[in-house]
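In the block that follows, a single chain appears as C-alpha coordinates, in the form predicted alone.
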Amino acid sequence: MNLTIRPKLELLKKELIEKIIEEAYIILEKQGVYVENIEALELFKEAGIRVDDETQRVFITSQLVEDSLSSTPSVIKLYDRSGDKEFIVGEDEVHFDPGSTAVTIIDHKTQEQRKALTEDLVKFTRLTDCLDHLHFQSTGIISSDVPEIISDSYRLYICLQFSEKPIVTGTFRVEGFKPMKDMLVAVRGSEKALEERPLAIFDACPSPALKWSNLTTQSLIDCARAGIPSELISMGMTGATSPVTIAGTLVQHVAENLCGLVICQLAKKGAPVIFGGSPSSFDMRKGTTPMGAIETMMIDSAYAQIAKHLNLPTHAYMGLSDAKINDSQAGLETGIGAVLAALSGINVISGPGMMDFESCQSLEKLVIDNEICGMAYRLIEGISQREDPIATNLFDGFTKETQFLSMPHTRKWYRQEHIFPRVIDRDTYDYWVSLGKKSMDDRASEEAEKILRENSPSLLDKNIFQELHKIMLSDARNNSFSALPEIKIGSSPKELIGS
(Lines give C-alpha, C1' and ligand atoms only; values in the text may rest on other atoms or scores of the structure.)
Protein backbone atom coordinates (compact mmCIF):
# COMPACT_ATOMS: atom_id res chain seq x y z
CA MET A 1 0.00 0.00 0.00
CA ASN A 2 1.36 3.42 -1.02
CA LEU A 3 1.24 5.70 2.03
CA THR A 4 2.86 8.71 0.33
CA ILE A 5 0.76 11.86 0.16
CA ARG A 6 1.61 14.50 -2.40
CA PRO A 7 1.36 17.87 -0.61
CA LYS A 8 -1.10 20.18 -2.31
CA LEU A 9 -2.15 23.83 -2.09
CA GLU A 10 -5.75 24.92 -2.66
CA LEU A 11 -6.95 28.46 -1.98
CA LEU A 12 -10.58 28.33 -3.10
CA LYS A 13 -13.59 26.43 -1.84
CA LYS A 14 -15.57 24.63 -4.52
CA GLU A 15 -18.49 27.02 -4.03
CA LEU A 16 -16.27 30.05 -4.74
CA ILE A 17 -14.79 28.39 -7.83
CA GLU A 18 -18.27 27.78 -9.19
CA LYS A 19 -19.33 31.37 -8.38
CA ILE A 20 -16.30 32.79 -10.22
CA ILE A 21 -17.01 30.63 -13.27
CA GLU A 22 -20.70 31.56 -13.18
CA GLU A 23 -19.89 35.28 -13.19
CA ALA A 24 -17.36 34.81 -16.01
CA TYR A 25 -20.12 33.14 -18.04
CA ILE A 26 -22.44 36.08 -17.37
CA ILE A 27 -19.80 38.59 -18.50
CA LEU A 28 -19.11 36.63 -21.69
CA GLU A 29 -22.79 36.52 -22.62
CA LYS A 30 -24.05 39.88 -21.32
CA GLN A 31 -21.04 42.22 -21.64
CA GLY A 32 -19.16 40.37 -24.34
CA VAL A 33 -15.51 40.41 -25.39
CA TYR A 34 -13.82 42.54 -28.04
CA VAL A 35 -12.33 40.37 -30.79
CA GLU A 36 -10.40 42.35 -33.41
CA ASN A 37 -9.78 39.47 -35.82
CA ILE A 38 -12.15 39.24 -38.83
CA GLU A 39 -11.67 35.50 -39.30
CA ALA A 40 -12.56 34.83 -35.67
CA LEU A 41 -15.67 37.02 -35.94
CA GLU A 42 -16.82 34.92 -38.88
CA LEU A 43 -16.24 31.74 -36.88
CA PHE A 44 -18.42 33.13 -34.08
CA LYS A 45 -21.17 34.04 -36.54
CA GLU A 46 -21.07 30.55 -38.07
CA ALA A 47 -21.53 29.17 -34.55
CA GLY A 48 -24.68 31.26 -34.12
CA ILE A 49 -23.11 33.79 -31.76
CA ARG A 50 -24.25 37.44 -31.74
CA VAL A 51 -21.54 39.74 -33.05
CA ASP A 52 -21.65 43.53 -33.09
CA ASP A 53 -19.79 44.27 -36.34
CA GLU A 54 -19.34 47.96 -35.53
CA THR A 55 -17.63 47.45 -32.17
CA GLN A 56 -16.31 43.91 -32.87
CA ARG A 57 -17.84 42.77 -29.62
CA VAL A 58 -18.81 39.10 -29.35
CA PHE A 59 -21.46 37.82 -26.93
CA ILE A 60 -20.54 34.22 -26.13
CA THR A 61 -23.23 31.93 -24.77
CA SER A 62 -22.61 29.57 -21.89
CA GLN A 63 -23.65 26.70 -24.14
CA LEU A 64 -20.82 27.45 -26.59
CA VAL A 65 -18.37 27.67 -23.70
CA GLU A 66 -19.54 24.31 -22.36
CA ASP A 67 -19.33 22.72 -25.82
CA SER A 68 -15.80 24.12 -26.25
CA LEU A 69 -14.70 22.87 -22.85
CA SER A 70 -15.98 19.39 -23.69
CA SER A 71 -13.79 19.21 -26.80
CA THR A 72 -10.62 20.65 -25.24
CA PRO A 73 -8.08 17.97 -24.24
CA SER A 74 -7.46 17.66 -20.51
CA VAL A 75 -3.93 16.38 -21.14
CA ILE A 76 -1.41 17.43 -23.78
CA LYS A 77 1.64 15.43 -24.77
CA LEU A 78 4.70 17.47 -25.66
CA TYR A 79 7.88 16.01 -27.14
CA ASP A 80 11.55 16.92 -27.30
CA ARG A 81 13.40 17.78 -30.51
CA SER A 82 14.15 14.15 -31.35
CA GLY A 83 10.49 13.22 -30.81
CA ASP A 84 11.47 10.44 -28.42
CA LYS A 85 10.99 11.94 -24.95
CA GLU A 86 7.40 12.61 -23.91
CA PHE A 87 6.19 15.18 -21.38
CA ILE A 88 2.67 15.14 -19.94
CA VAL A 89 1.09 18.59 -19.65
CA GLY A 90 -1.97 18.11 -17.49
CA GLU A 91 -3.25 16.69 -14.20
CA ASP A 92 -0.68 17.62 -11.51
CA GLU A 93 2.48 17.14 -13.61
CA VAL A 94 4.92 20.04 -13.06
CA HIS A 95 7.40 21.44 -15.59
CA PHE A 96 9.53 24.55 -15.13
CA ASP A 97 10.86 26.71 -17.97
CA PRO A 98 12.60 30.08 -18.09
CA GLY A 99 10.28 32.99 -18.69
CA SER A 100 10.00 34.31 -22.23
CA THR A 101 10.84 37.51 -24.04
CA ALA A 102 13.11 39.40 -21.66
CA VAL A 103 14.44 42.57 -23.27
CA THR A 104 17.66 42.77 -21.25
CA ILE A 105 20.20 40.52 -19.56
CA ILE A 106 22.22 41.08 -16.37
CA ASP A 107 25.93 41.41 -17.06
CA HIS A 108 27.58 39.62 -14.14
CA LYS A 109 30.80 41.64 -14.33
CA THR A 110 29.13 45.06 -14.24
CA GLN A 111 25.96 44.03 -12.37
CA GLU A 112 24.02 46.17 -14.84
CA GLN A 113 21.36 45.39 -17.39
CA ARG A 114 22.18 45.57 -21.07
CA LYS A 115 20.59 44.63 -24.37
CA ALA A 116 21.22 41.00 -25.28
CA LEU A 117 23.03 39.81 -28.40
CA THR A 118 22.85 36.54 -30.30
CA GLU A 119 25.80 35.24 -28.28
CA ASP A 120 23.80 35.78 -25.08
CA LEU A 121 20.78 33.96 -26.49
CA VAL A 122 22.97 31.02 -27.53
CA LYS A 123 24.49 30.79 -24.03
CA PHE A 124 21.06 31.08 -22.43
CA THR A 125 19.66 28.33 -24.65
CA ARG A 126 22.61 25.99 -24.12
CA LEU A 127 22.58 26.56 -20.38
CA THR A 128 18.85 25.83 -20.12
CA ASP A 129 19.38 22.68 -22.15
CA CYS A 130 21.84 21.42 -19.51
CA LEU A 131 19.81 22.25 -16.38
CA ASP A 132 17.97 19.13 -15.27
CA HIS A 133 15.15 20.79 -13.32
CA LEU A 134 14.12 23.00 -16.24
CA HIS A 135 12.13 20.54 -18.35
CA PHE A 136 11.27 23.02 -21.11
CA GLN A 137 13.22 25.58 -23.09
CA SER A 138 11.91 29.08 -23.81
CA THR A 139 12.60 31.82 -26.30
CA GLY A 140 13.68 33.78 -23.28
CA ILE A 141 15.70 36.76 -24.53
CA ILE A 142 15.22 39.16 -27.42
CA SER A 143 18.41 39.59 -29.46
CA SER A 144 19.13 43.24 -30.22
CA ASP A 145 21.43 42.44 -33.15
CA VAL A 146 18.52 41.47 -35.41
CA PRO A 147 15.59 43.72 -36.34
CA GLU A 148 12.70 43.62 -33.90
CA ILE A 149 10.33 42.54 -36.67
CA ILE A 150 12.02 39.12 -36.98
CA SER A 151 12.99 38.67 -33.33
CA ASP A 152 10.22 36.13 -32.71
CA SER A 153 11.27 33.71 -35.46
CA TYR A 154 14.96 34.34 -34.73
CA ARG A 155 14.63 33.30 -31.08
CA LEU A 156 12.98 30.05 -32.13
CA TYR A 157 15.68 29.55 -34.77
CA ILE A 158 18.37 29.71 -32.07
CA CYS A 159 16.44 27.46 -29.66
CA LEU A 160 15.90 24.74 -32.25
CA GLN A 161 19.60 24.74 -33.09
CA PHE A 162 20.96 24.45 -29.58
CA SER A 163 18.40 22.63 -27.43
CA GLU A 164 16.73 19.24 -27.30
CA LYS A 165 13.96 20.41 -24.98
CA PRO A 166 10.39 21.39 -25.90
CA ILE A 167 10.03 25.15 -26.32
CA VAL A 168 7.66 27.76 -24.92
CA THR A 169 7.49 30.57 -27.47
CA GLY A 170 5.10 32.93 -29.25
CA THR A 171 4.85 35.37 -32.13
CA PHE A 172 4.89 39.19 -32.16
CA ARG A 173 3.35 39.53 -35.63
CA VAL A 174 0.70 37.80 -37.71
CA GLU A 175 3.26 37.09 -40.45
CA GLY A 176 5.67 35.58 -37.91
CA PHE A 177 3.71 32.38 -37.42
CA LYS A 178 4.46 30.87 -40.85
CA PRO A 179 8.29 30.87 -40.66
CA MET A 180 8.09 29.64 -37.07
CA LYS A 181 5.76 26.82 -38.00
CA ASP A 182 7.91 26.01 -41.05
CA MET A 183 10.97 25.63 -38.81
CA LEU A 184 9.09 23.31 -36.45
CA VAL A 185 7.90 21.26 -39.43
CA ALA A 186 11.47 21.09 -40.75
CA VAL A 187 12.61 19.58 -37.45
CA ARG A 188 9.70 17.12 -37.27
CA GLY A 189 9.76 16.18 -40.96
CA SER A 190 6.11 16.90 -41.80
CA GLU A 191 3.06 18.83 -40.65
CA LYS A 192 1.40 15.57 -39.62
CA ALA A 193 4.40 14.57 -37.50
CA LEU A 194 4.39 18.01 -35.83
CA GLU A 195 0.71 17.68 -34.98
CA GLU A 196 1.23 14.18 -33.60
CA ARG A 197 4.30 15.16 -31.56
CA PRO A 198 4.14 18.87 -30.71
CA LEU A 199 7.52 20.45 -30.02
CA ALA A 200 6.47 23.95 -28.98
CA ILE A 201 3.82 25.87 -27.05
CA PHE A 202 2.74 29.30 -28.32
CA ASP A 203 1.76 31.95 -25.77
CA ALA A 204 -1.19 34.18 -26.70
CA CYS A 205 -2.11 37.16 -24.52
CA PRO A 206 -5.49 38.89 -24.42
CA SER A 207 -5.41 42.62 -23.76
CA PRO A 208 -7.08 43.44 -20.46
CA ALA A 209 -9.83 44.13 -20.05
CA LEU A 210 -11.84 41.69 -22.19
CA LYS A 211 -10.13 42.07 -25.55
CA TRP A 212 -8.38 39.70 -27.94
CA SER A 213 -6.28 41.60 -30.50
CA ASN A 214 -5.95 40.70 -34.16
CA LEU A 215 -2.42 39.30 -33.60
CA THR A 216 -3.14 37.10 -30.61
CA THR A 217 -6.43 35.83 -32.03
CA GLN A 218 -4.73 34.87 -35.27
CA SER A 219 -2.10 33.01 -33.27
CA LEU A 220 -4.87 30.99 -31.60
CA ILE A 221 -6.43 30.13 -34.95
CA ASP A 222 -3.14 29.25 -36.66
CA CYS A 223 -1.92 27.13 -33.74
CA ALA A 224 -5.23 25.29 -33.43
CA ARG A 225 -5.19 24.29 -37.09
CA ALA A 226 -1.56 23.19 -36.88
CA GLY A 227 -2.10 21.14 -33.70
CA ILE A 228 0.28 23.39 -31.74
CA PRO A 229 -0.79 24.00 -28.13
CA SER A 230 -1.85 27.58 -27.35
CA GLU A 231 -1.10 28.91 -23.88
CA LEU A 232 -3.64 31.54 -22.84
CA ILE A 233 -1.93 34.36 -20.92
CA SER A 234 -4.50 36.68 -19.35
CA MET A 235 -2.70 39.62 -17.71
CA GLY A 236 -5.10 41.58 -15.51
CA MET A 237 -3.57 44.02 -13.01
CA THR A 238 -5.57 44.45 -9.81
CA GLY A 239 -7.20 47.86 -9.66
CA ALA A 240 -5.61 48.98 -12.97
CA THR A 241 -6.79 46.72 -15.80
CA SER A 242 -8.88 44.32 -13.72
CA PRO A 243 -10.97 44.60 -10.53
CA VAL A 244 -8.93 45.45 -7.45
CA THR A 245 -10.00 42.35 -5.53
CA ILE A 246 -8.31 39.03 -6.17
CA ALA A 247 -11.68 37.33 -6.67
CA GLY A 248 -12.76 40.04 -9.12
CA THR A 249 -9.54 39.69 -11.11
CA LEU A 250 -10.15 35.93 -11.23
CA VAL A 251 -13.58 36.49 -12.77
CA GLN A 252 -12.05 38.60 -15.55
CA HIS A 253 -9.15 36.16 -15.97
CA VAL A 254 -11.51 33.24 -16.46
CA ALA A 255 -13.71 35.18 -18.90
CA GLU A 256 -10.75 36.26 -21.06
CA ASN A 257 -9.20 32.81 -21.15
CA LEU A 258 -12.48 31.04 -21.87
CA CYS A 259 -12.99 33.34 -24.84
CA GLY A 260 -9.56 32.31 -26.14
CA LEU A 261 -10.37 28.66 -25.57
CA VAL A 262 -13.61 29.02 -27.55
CA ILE A 263 -11.74 30.62 -30.46
CA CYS A 264 -9.33 27.67 -30.54
CA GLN A 265 -12.18 25.15 -30.59
CA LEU A 266 -14.07 27.05 -33.31
CA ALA A 267 -10.91 27.03 -35.42
CA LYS A 268 -10.44 23.30 -34.88
CA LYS A 269 -12.39 21.13 -32.49
CA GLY A 270 -10.07 19.26 -30.14
CA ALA A 271 -7.28 21.84 -30.42
CA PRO A 272 -4.83 21.70 -27.46
CA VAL A 273 -5.17 24.66 -25.07
CA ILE A 274 -3.39 25.52 -21.81
CA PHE A 275 -5.17 27.76 -19.28
CA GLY A 276 -2.44 30.12 -18.14
CA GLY A 277 -1.61 33.70 -17.38
CA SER A 278 0.64 36.46 -16.16
CA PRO A 279 -1.67 38.59 -14.00
CA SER A 280 -0.29 40.73 -11.24
CA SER A 281 -1.04 42.73 -8.18
CA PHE A 282 -0.70 46.38 -9.17
CA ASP A 283 1.39 48.53 -6.81
CA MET A 284 -0.29 51.93 -6.98
CA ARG A 285 2.50 53.54 -4.96
CA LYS A 286 5.14 52.69 -7.57
CA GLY A 287 3.06 52.15 -10.73
CA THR A 288 4.61 48.68 -11.11
CA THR A 289 3.38 45.11 -11.55
CA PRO A 290 5.19 43.04 -8.89
CA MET A 291 5.36 39.43 -10.02
CA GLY A 292 6.98 38.53 -6.69
CA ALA A 293 4.05 39.89 -4.67
CA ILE A 294 2.25 37.27 -2.60
CA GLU A 295 -1.07 38.52 -4.01
CA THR A 296 0.18 37.84 -7.55
CA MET A 297 1.10 34.31 -6.54
CA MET A 298 -2.32 33.86 -4.93
CA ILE A 299 -4.05 34.87 -8.16
CA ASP A 300 -1.87 32.37 -10.08
CA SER A 301 -2.52 29.47 -7.73
CA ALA A 302 -6.24 30.27 -7.60
CA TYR A 303 -6.84 30.43 -11.37
CA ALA A 304 -4.86 27.20 -11.75
CA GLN A 305 -7.25 25.61 -9.26
CA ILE A 306 -10.18 26.90 -11.33
CA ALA A 307 -8.61 25.50 -14.50
CA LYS A 308 -8.21 22.10 -12.85
CA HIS A 309 -11.90 22.27 -11.87
CA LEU A 310 -12.58 22.76 -15.61
CA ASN A 311 -10.28 19.81 -16.38
CA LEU A 312 -7.76 21.91 -18.32
CA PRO A 313 -3.93 21.95 -18.45
CA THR A 314 -2.44 24.88 -16.52
CA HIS A 315 0.32 27.48 -16.74
CA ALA A 316 1.58 30.42 -14.66
CA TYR A 317 4.43 32.91 -14.49
CA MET A 318 5.91 32.04 -11.08
CA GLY A 319 9.35 31.29 -9.65
CA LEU A 320 10.70 34.69 -10.67
CA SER A 321 11.55 37.99 -8.98
CA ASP A 322 11.24 41.73 -9.34
CA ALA A 323 14.74 42.25 -7.89
CA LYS A 324 17.32 44.00 -10.07
CA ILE A 325 20.29 41.84 -8.98
CA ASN A 326 20.72 38.38 -7.49
CA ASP A 327 20.11 39.42 -3.91
CA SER A 328 17.97 38.25 -1.00
CA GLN A 329 14.81 39.58 -2.62
CA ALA A 330 15.53 37.55 -5.75
CA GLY A 331 15.88 34.39 -3.69
CA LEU A 332 12.88 34.83 -1.43
CA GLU A 333 10.43 35.79 -4.20
CA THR A 334 11.63 33.06 -6.54
CA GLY A 335 11.68 30.40 -3.85
CA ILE A 336 8.21 31.17 -2.54
CA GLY A 337 6.78 31.30 -6.06
CA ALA A 338 8.37 28.06 -7.22
CA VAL A 339 7.19 26.18 -4.14
CA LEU A 340 3.64 27.55 -4.31
CA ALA A 341 3.44 26.76 -8.03
CA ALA A 342 4.63 23.20 -7.50
CA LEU A 343 2.23 22.69 -4.58
CA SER A 344 -0.57 24.00 -6.82
CA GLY A 345 0.29 21.35 -9.41
CA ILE A 346 0.70 23.92 -12.18
CA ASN A 347 1.76 22.10 -15.33
CA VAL A 348 3.90 24.75 -17.06
CA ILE A 349 5.69 27.19 -14.73
CA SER A 350 7.49 30.00 -16.54
CA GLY A 351 9.87 32.24 -14.64
CA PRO A 352 13.27 30.83 -13.61
CA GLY A 353 16.03 33.30 -14.49
CA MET A 354 13.66 36.26 -14.73
CA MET A 355 14.03 39.55 -12.86
CA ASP A 356 12.73 43.12 -12.93
CA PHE A 357 9.03 42.53 -13.69
CA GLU A 358 9.65 39.88 -16.37
CA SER A 359 11.88 42.22 -18.39
CA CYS A 360 15.36 40.85 -17.60
CA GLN A 361 17.11 37.49 -17.66
CA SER A 362 20.19 36.38 -15.73
CA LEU A 363 22.33 33.33 -16.51
CA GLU A 364 23.44 33.25 -12.88
CA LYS A 365 19.88 33.38 -11.59
CA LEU A 366 18.94 30.66 -14.04
CA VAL A 367 21.51 28.36 -12.42
CA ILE A 368 20.32 29.27 -8.92
CA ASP A 369 16.66 28.87 -9.85
CA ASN A 370 17.33 25.44 -11.29
CA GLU A 371 18.26 24.38 -7.75
CA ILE A 372 15.16 26.05 -6.33
CA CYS A 373 13.10 24.07 -8.84
CA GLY A 374 14.87 20.89 -7.71
CA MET A 375 13.86 21.62 -4.13
CA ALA A 376 10.26 22.21 -5.23
CA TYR A 377 10.21 18.87 -7.07
CA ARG A 378 11.57 17.14 -3.97
CA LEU A 379 8.83 18.68 -1.85
CA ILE A 380 5.94 17.46 -4.02
CA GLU A 381 7.53 14.03 -4.23
CA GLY A 382 6.47 13.70 -0.59
CA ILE A 383 7.64 11.41 2.18
CA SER A 384 7.77 7.74 1.27
CA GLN A 385 7.90 4.57 3.28
CA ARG A 386 11.01 3.04 1.77
CA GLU A 387 10.95 -0.29 3.65
CA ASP A 388 8.73 -2.32 5.96
CA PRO A 389 9.30 -1.99 8.83
CA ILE A 390 10.18 1.68 8.51
CA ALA A 391 12.95 1.77 11.11
CA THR A 392 12.44 -0.64 14.02
CA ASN A 393 14.88 -3.17 12.56
CA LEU A 394 17.59 -0.48 12.47
CA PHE A 395 17.48 -0.29 16.26
CA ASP A 396 18.02 -4.02 16.85
CA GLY A 397 20.96 -4.35 19.23
CA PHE A 398 21.04 -0.59 19.76
CA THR A 399 23.86 0.67 22.01
CA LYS A 400 25.36 4.05 22.75
CA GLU A 401 28.01 3.31 20.11
CA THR A 402 25.42 2.72 17.37
CA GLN A 403 25.68 5.11 14.43
CA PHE A 404 24.00 5.23 11.05
CA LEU A 405 26.76 6.47 8.74
CA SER A 406 28.08 3.03 7.82
CA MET A 407 24.77 1.16 7.72
CA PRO A 408 23.85 -0.43 4.38
CA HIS A 409 20.42 1.16 4.82
CA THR A 410 22.03 4.63 4.74
CA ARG A 411 24.03 3.88 1.62
CA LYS A 412 20.96 2.41 -0.05
CA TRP A 413 18.59 5.32 0.49
CA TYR A 414 20.69 8.45 1.00
CA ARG A 415 20.65 9.66 -2.59
CA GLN A 416 16.98 8.87 -3.06
CA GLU A 417 15.93 10.75 0.04
CA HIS A 418 18.05 13.85 -0.59
CA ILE A 419 18.95 16.24 -3.39
CA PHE A 420 22.39 17.79 -3.69
CA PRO A 421 22.57 21.40 -4.93
CA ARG A 422 25.81 22.72 -6.41
CA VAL A 423 25.65 26.48 -5.82
CA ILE A 424 23.62 26.60 -2.62
CA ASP A 425 26.23 26.92 0.13
CA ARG A 426 26.39 24.10 2.70
CA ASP A 427 30.06 24.49 3.64
CA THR A 428 31.30 25.37 7.09
CA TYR A 429 32.16 29.02 7.66
CA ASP A 430 35.92 28.36 7.74
CA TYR A 431 35.83 26.37 4.52
CA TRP A 432 33.69 29.05 2.83
CA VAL A 433 36.30 31.64 3.85
CA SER A 434 39.11 29.43 2.51
CA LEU A 435 37.34 29.36 -0.87
CA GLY A 436 37.36 33.13 -1.11
CA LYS A 437 34.09 34.17 0.57
CA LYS A 438 32.27 33.89 -2.75
CA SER A 439 28.69 35.09 -2.98
CA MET A 440 25.99 32.86 -4.39
CA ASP A 441 25.93 35.02 -7.53
CA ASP A 442 29.68 34.45 -8.02
CA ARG A 443 29.34 30.71 -7.49
CA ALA A 444 26.46 30.61 -9.97
CA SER A 445 28.52 32.53 -12.54
CA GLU A 446 31.36 30.02 -12.22
CA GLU A 447 28.89 27.13 -12.47
CA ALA A 448 27.31 28.58 -15.61
CA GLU A 449 30.72 29.00 -17.23
CA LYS A 450 31.67 25.45 -16.24
CA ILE A 451 28.47 23.98 -17.68
CA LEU A 452 28.95 25.80 -20.98
CA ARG A 453 32.63 24.84 -21.11
CA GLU A 454 32.18 21.15 -20.32
CA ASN A 455 29.02 20.39 -22.32
CA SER A 456 29.03 20.32 -26.09
CA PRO A 457 26.05 22.08 -27.66
CA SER A 458 23.11 19.93 -28.76
CA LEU A 459 23.40 20.79 -32.43
CA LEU A 460 20.84 19.85 -35.06
CA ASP A 461 21.44 17.43 -37.90
CA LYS A 462 23.27 19.37 -40.62
CA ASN A 463 20.56 18.88 -43.26
CA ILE A 464 17.80 20.03 -40.91
CA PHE A 465 19.88 23.01 -39.86
CA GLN A 466 20.37 24.01 -43.49
CA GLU A 467 16.60 23.96 -43.98
CA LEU A 468 16.12 26.03 -40.81
CA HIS A 469 18.73 28.52 -41.96
CA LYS A 470 17.02 28.82 -45.34
CA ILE A 471 13.66 29.56 -43.69
CA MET A 472 15.14 32.09 -41.28
CA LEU A 473 17.19 33.85 -43.93
CA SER A 474 14.12 34.11 -46.16
CA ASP A 475 12.14 35.65 -43.32
CA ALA A 476 14.96 38.12 -42.68
CA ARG A 477 15.21 39.12 -46.36
CA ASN A 478 11.43 39.48 -46.64
CA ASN A 479 11.79 42.06 -43.89
CA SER A 480 14.71 43.95 -45.50
CA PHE A 481 17.48 42.30 -43.49
CA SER A 482 20.05 40.73 -45.80
CA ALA A 483 22.19 38.65 -43.42
CA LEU A 484 21.99 36.89 -40.07
CA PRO A 485 24.48 37.47 -37.24
CA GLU A 486 27.47 35.19 -36.95
CA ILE A 487 26.84 32.57 -34.28
CA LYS A 488 29.46 32.15 -31.57
CA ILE A 489 29.89 29.10 -29.38
CA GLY A 490 32.02 29.58 -26.29
CA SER A 491 34.91 31.99 -26.68
CA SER A 492 35.76 31.10 -30.30
CA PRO A 493 33.61 32.46 -33.12
CA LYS A 494 32.21 29.67 -35.26
CA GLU A 495 30.10 30.56 -38.26
CA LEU A 496 27.85 27.53 -38.71
CA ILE A 497 26.58 28.55 -42.11
CA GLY A 498 27.45 31.71 -43.95
CA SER A 499 24.54 33.93 -44.88
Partner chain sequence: MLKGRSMNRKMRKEKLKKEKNTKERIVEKEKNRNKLNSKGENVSKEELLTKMKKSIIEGNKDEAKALAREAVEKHVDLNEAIDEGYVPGIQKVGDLWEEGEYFLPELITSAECMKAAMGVLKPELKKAQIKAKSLGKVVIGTVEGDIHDIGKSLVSSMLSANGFEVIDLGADVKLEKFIEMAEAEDADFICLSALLTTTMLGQKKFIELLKEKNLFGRFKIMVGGAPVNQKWADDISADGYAENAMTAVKEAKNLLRK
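This one's a predicted model, so the numbers in the text were calculated from it and none came from an experiment. Numbering follows the first chain given and starts at 1.
The same protein has a further form, the form predicted in complex with its partner chain, not shown here; the description that follows concerns it.
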Original post:
Of these, 162, 282, 96, 202, which has a heavy atom no more than 4.5 Å from its partner chain in the predicted bound form?
Top reply: 282
Subject >> Position in contact with its partner chain when the complex is considered in the predicted bound form, options 240, 336, 293, 310, heavy atoms within 4.5 Å >> reply: 240
Subject >> 4.5 Å heavy atom contact with its partner chain in the predicted bound form for all of 109, 372 and 421 >> reply: no
Original post:
Which of 126 to 134, 203 to 211, 188 to 196, 174 to 182 has heavy atoms within 4.5 Å of its partner chain in the predicted bound form?
Top reply: 203 to 211
**OP:** State yes or no: in the predicted bound form, is some non-hydrogen atom of residue 327 no more than 4.5 angstroms from a non-hydrogen atom of its partner chain?
**Re:** no
**OP:** Would you please decide whether residue 416 lies within 4.5 angstroms of its partner chain in the predicted bound form, comparing each non-hydrogen atom pair?
**Re:** no
Original post:
Is residue 359 close to its partner chain in the predicted bound form, meaning a heavy atom pair under 4.5 Å apart or at it?
Top reply: yes
**OP:** Give a yes/no on whether residue 118 approaches its partner chain to within 4.5 Å in the predicted bound form, heavy atoms considered.
**Re:** no
Original post:
Within 286 to 309, which residues have a heavy atom closer than or equal to 4.5 Å from its partner chain in the predicted bound form?
Top reply: 287
